[in-house]
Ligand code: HEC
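The chain below stands alone and is given as structure tokens, in the form predicted on its own.
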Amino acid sequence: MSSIKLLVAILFIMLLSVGVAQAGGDVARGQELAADCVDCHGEDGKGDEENPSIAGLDAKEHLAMLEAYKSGERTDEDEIMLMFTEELSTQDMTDLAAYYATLPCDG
């Protein structure tokens, strides 16, 4: 009976660790995923006349924006963000948000 309790405890700890991993973004992985973002937002994440800066955004706010694009709650003129976000998992978006939060912003 105690081996079952031990097994349940181990499984519970493993589930908690997965939740912790998703709660924080992996900056290095986010930088890799950002390869698709640079065409519009630039290498430095500061955008241009047509595309907003995403450098230095709060990671939680950025994640919420990405999720809103993915769900269709938020839209852009050509639905480009929907196209890019529909293939991203929540962890992918969390990683991207964590990466862009590390970039310096203009002000």
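As the structure is a prediction and not an experimental result, all values here were calculated from the model. Each residue number is its position in the shown sequence, starting from 1.
What comes next is about the form predicted together with this ligand, which is not displayed.
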Does this ligand get within 4.5 angstroms of any non-hydrogen atom of residue 41 in the model of the complex? yes
Are any of the heavy atoms in residue 52 no more than 4.5 Å from a heavy atom of this ligand in the model of the complex? yes
Is there a heavy atom of residue 73 lying 4.5 Å or less from a heavy atom of this ligand in the model of the complex? no
So in the model of the complex, is this ligand close enough to residue 29 to count as touching (4.5 Å, heavy atoms)? no
